[in-house]
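A single chain, nothing else alongside it, follows as structure tokens in the form predicted alone.
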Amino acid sequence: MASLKVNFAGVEFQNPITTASGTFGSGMEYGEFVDLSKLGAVTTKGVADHPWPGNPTPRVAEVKGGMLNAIGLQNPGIETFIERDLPFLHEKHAKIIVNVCGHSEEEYLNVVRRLATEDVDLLEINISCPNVKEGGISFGTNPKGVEEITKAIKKEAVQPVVMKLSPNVTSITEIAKAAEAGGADGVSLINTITGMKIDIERQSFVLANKTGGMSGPAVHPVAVRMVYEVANAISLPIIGMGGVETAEDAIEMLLAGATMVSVGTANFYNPYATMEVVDGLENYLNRKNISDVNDIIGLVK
């Protein structure tokens, strides 16, 4: 039997498959479908230092090849997460990657400090949040801003720090290099691609927010290309994501250079998706007579 174990930033995971933030809650909704202890890890929904109400509705729309969402990172805040969600995840023996969001450097740091004494494995920092001090520009679109926020978080963090990169930039490698320069322990990519849908009968925007983040199968080739570019530009491990529905999709990410892979939008219409990807990956390795999943990471050059 092939070994699926991977080491990411010094943390060992039993397999490379996790969940994309915002598509799996903290696992509670999926408990009857998925044995969380058999996943590499559960990546939580974004956690802020105070409850966020999110954007007005409607805020989700189906599009060809995927979906648009403008949820606005609605979450109950760090205290509820620690009191309610963490005990559930520990009870299920899941490895835990906490996605951290904020509107300012201080908001990020408040969450990072609060998690310093908690038993979580990695911190995934969502730098697609709007920076209130920069007029709402995303932290993740400015290399200097990425380096600075990474440095600030690394000074305070106890757990390894993974910076989640936005694809809505001219050069994803420039952003990845900035995260590496700031001291990140890893990067994850891609976040959603900004999109829009218009109702031609009503002649109005489908989403109240006008724009939303596009995810799903249609973004997968873009994500694979960006993972490949980043893997060949920096020396940090990568969590690859974007339109991963099947084991084949996940294997593409690994071959392109990702060490771990997140399953996202597929969870909404197939709650068994993560388990199917884990099983499919193992079957692929056995079929190819490959004894260790690490042997295929970054194999395609």
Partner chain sequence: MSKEFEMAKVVSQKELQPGIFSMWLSCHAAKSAVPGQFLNVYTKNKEKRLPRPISICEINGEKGELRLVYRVTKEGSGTEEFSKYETGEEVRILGPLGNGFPVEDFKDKKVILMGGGIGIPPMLGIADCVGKNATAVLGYRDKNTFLTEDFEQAGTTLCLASDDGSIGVHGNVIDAIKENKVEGDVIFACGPTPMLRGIKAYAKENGITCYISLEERMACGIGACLGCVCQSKDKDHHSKVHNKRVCKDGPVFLAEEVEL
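Positions refer to the first chain, counted from 1. As the structure is a prediction and not an experimental result, all values here were calculated from the model.
If you look for the form predicted together with its partner chain, you will not find it shown, but the lines that follow are about it.
- The stretch from 95-103, 68-76, 144-152, 226-234 that comes within 4.5 Å of its partner chain in the predicted complex, counting heavy atoms only, is 68-76.
- Although the partner is absent here, residue 270 is a contact residue: one of its heavy atoms lies within 4.5 angstroms of its partner chain in the predicted complex.
- When its partner chain is considered in the predicted complex, residue 245 lines it closely, a heavy atom lying within 4.5 Å.
- Contact check for residue 255: no non-hydrogen atom falls within 4.5 Å of its partner chain in the predicted complex.
- Taking the partner from elsewhere, residue 170 is found to have every heavy atom lying beyond 4.5 Å of its partner chain in the predicted complex.
- Heavy atoms of every residue among 22, 29 and 52 are located within 4.5 Å of its partner chain in the predicted complex.
- Contacts to its partner chain in the predicted complex (heavy atom within 4.5 Å) from stretch 35-58: 35, 45, 51, 52, 53, 57, 58.
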